[in-house]
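Here are two versions of the same chain, shown separately as structure tokens and labelled structure 1 and structure 2.
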Structure 1
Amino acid sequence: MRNGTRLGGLTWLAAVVTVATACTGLSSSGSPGSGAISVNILTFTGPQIAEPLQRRAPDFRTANPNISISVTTVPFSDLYQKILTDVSTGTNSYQAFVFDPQWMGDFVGPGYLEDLSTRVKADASLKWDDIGAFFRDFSATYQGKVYTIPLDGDFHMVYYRTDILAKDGLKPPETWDDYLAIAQKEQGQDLNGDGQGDYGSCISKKRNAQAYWFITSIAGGFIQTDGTNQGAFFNTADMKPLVQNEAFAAALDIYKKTGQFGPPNEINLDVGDTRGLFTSGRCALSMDWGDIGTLAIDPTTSKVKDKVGAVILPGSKMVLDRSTGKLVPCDATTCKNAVNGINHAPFASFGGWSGAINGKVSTAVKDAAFKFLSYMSAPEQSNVDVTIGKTGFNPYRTSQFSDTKLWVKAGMSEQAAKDYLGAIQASLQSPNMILDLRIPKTQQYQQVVLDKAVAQFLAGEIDRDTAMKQIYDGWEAITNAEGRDKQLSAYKASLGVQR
């Protein structure tokens, strides 16, 4: 009998579960308002990016009662796979995506994305011309057609501690040599007043994180001189990778050398870790996206409020001669875009979160989705959102620089706002901005081949020349497998808008 009661417990459990399943099964079958066009948008779990979408959806609904917006989120690291699986199997559970425009190379070809060119032209409230030229003409555009609406501006900058540099009489870095010199000087100094030595430079070096973007940011100033459409990844004549030359070698060396002036475990730090270190006052220098600017004014994350300056990515006085693979000095012919004899090439890494619409849904749904994305990007909404740290949106519109008032209101000092916006503006207005790679199999080129070789080089598993050879061979293998002509025309198409 004792055993009977023991089993009784399990039986009860079974009963409870069955009832629970039945109940919740019933309650979850509720549907949204009848007659409304429902648009399901997929992005990653916020608060960044998802938060403003969710926050503004009800307001949008009030203005457009016949459109119902719902935002579905998945973990950041799996967004790409999730979208591609959904569209390529014809499931189409999502009508719109807020994603990385880098993925256009894989999405546009098979027709997964809707061409938005005519809708953009017809929409006055979007204020398309206010969007930075780079984001408008390169980032949102593929093969001459507009496929995405920018919601965010992404590129790398270098951040420095204004108080530390002022104390030691140093100027913000203009070249990577300056950067290394400052990092070396500050390494081991106490930067946050806790009596312990801190670090000269914090740049994420973790594998499978952001390292492959940072190496491009360093290499860019050596490799790209003639403007965005020259490209920094492949030779636009024959699709040969630009990775086995003195310029890339110099970049690898610099990247590795910054590690000497950083935290001992820098090889395992991703950008989230380095941001935490920088905003808690433990680094003199860092390279990052626009996020540090807004994080630094948030008291829950920052000890360095009003002590942060930003500059355009450091450049180089030596640039690559593509015909010989050697570095040559910067002069009027070799660097047309040089400032004070230094070639800067700010890198629009990642490209900025953008909205796109599934090409396989009905026109009514496409129109509804476009309306919402346009609403999100319009200055009335986005000029507020870019000043809020947790939105994860960084400035991408001209009107967002012209007025520092919004930023001061958000908590920046006048000087910090000027600094931050100045660096963004200098980068954005540079005609030599580097467009991130966006061709079919981009992820394999960057996340697998480039990232692995860089990680192995940083860890000392392979030497510099082996690393360069490994990247070159790996990229060539993908190019050959995909078809050289196809890849070359895709690469040129991604670069070739402005002439």
Structure 2
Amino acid sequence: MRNGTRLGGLTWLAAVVTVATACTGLSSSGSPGSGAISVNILTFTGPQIAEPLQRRAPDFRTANPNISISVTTVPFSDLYQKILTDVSTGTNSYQAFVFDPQWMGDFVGPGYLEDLSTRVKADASLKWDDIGAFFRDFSATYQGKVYTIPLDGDFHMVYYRTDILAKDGLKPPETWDDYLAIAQKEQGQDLNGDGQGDYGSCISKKRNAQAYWFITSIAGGFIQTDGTNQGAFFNTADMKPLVQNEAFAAALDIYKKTGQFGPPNEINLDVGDTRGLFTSGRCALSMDWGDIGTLAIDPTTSKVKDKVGAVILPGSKMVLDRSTGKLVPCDATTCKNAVNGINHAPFASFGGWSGAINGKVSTAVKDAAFKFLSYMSAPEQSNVDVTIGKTGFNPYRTSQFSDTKLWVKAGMSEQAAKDYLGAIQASLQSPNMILDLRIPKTQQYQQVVLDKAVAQFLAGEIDRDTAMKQIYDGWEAITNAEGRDKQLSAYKASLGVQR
């Protein structure tokens, strides 16, 4: 997630690599030879993210016969706790992790992750300076030290059918009002020529999946107006949640309304489902990570090749006055970064899957794990993997944005490549980019409290005001339990705000 959980229906066999699937207890052959160093990497079930690790492990083993790589997978909802339990109990069944870099706040302090700063500087093959500054500074670094190797770049964009919008004389959405208007117009139209009505919008709403990222992507344009270090989750003066106000209320309403122009069972759809609907030609619009751009060129599954455009997340002409909790017009005073009177706040949701090393294993094992993660991230491998939709890896290196040749070679038209990379660059270069939450207990703030309330609201189990109060109270309880001053300090540091 990008990709959030990045689910799919394919299964993969890595011929020589040991692949242990935790949820089934099964493993393949390929045990290490005598004297080999074993590295067991824990990640999520995928197959995205796990797939390239498994596929490339045999080639890595050929070049490094003394290192055996195995990959253990668990559902994304279990990944955080699985890592925490393993390292906190000293079990250390896993020597490395490919995980959500947001969680570093819980793993760095106790020494569960290895400081990779020295190794990174000494590794010329990694080409560290080619990794985008955002991903080096956010996905890889915590409190000034490098703890992860980026393998993926994640933030949300909006995708649209270029042929459908052109046919109807519509422009890509600049605001969420535009998005809803387009979705309403296209809802029920036959978008793929099969004689059946299709959908104006496809956005995942499944509980315990992506809801907590998608609601922030919608709310961001209303809430964050003054640059990245303003933050979109808490007030930087007192750590009070920014969720009981007219801006967050508007975002909840928009998110729910998109469901009126989507598949009838959208509340149960994960991103793998909505991606499949979009690439089969059944959706006019979607919001997702970078995956749709590459999945759209897969000749075996896509019916929308060269019919897909991408744009920065829609914004808003009304923004939050934090002193009153009210929405006010976006102008030169309230929206310093507005474009044509619209406040855009692209959201680095998740930030990108990254590899970390268990800080409690032997030096030899750490070196072996680092060598494999460096191999996976190096341009020779990653420049290919980011163009393949099934990997779940999205571009994160400067060289991957520099020209369209890499993407045209992969199967994109020149125009599609320009649209795709242009939306990514517009997001990365925005001075108002929202950084995803990265403080202690991030998983509880987002995946527990926020996800539950949003899911209950979408399902009609609670009303909008109850949802906002539930989030506010839940976040306050976590903050108070952890210590408000401690959490505020961590939040401000994560935004680059000087104490």
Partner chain sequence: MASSDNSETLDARGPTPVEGSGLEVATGERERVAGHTFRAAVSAKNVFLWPALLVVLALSIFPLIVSLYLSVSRLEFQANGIDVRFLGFDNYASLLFGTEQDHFIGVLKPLTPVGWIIVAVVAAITARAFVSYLRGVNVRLLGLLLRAIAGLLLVGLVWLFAQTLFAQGGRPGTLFVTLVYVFVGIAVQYLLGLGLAVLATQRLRGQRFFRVVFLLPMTITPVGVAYMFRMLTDTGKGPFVPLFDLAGLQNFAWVNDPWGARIAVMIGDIWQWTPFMFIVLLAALEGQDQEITEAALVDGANRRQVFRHITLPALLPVTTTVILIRMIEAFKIIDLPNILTNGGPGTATESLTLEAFFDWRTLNLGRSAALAYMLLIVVTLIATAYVNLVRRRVTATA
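Everything numeric here is computed off the predicted structure, so don't read it as measured data. Take the two forms, superpose them, and find the largest set of C-alpha atoms that agree within 1.5 Å; that set is the rigid core. Residue 1 is the first residue of structure 1, and the numbers go on in sequence order from there.
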query: Between structure 1 and structure 2, the form predicted in complex with its partner chain; finding: 1
query: Rigid core superposed: D178 CA moves 2 Å or more between the two structures; finding: no
query: Is_shifted D163 between the two structures (CA, 2 Å cut-off, rigid core); finding: no
query: Rigid core superposed: V339 CA moves 2 Å or more between the two structures; finding: no
query: Y396 CA shift between the two structures in angstrom, with the core used for superposition; finding: 2.4
query: Per-residue CA shift, D59 (Å; core superposed between the two structures); finding: 7.2
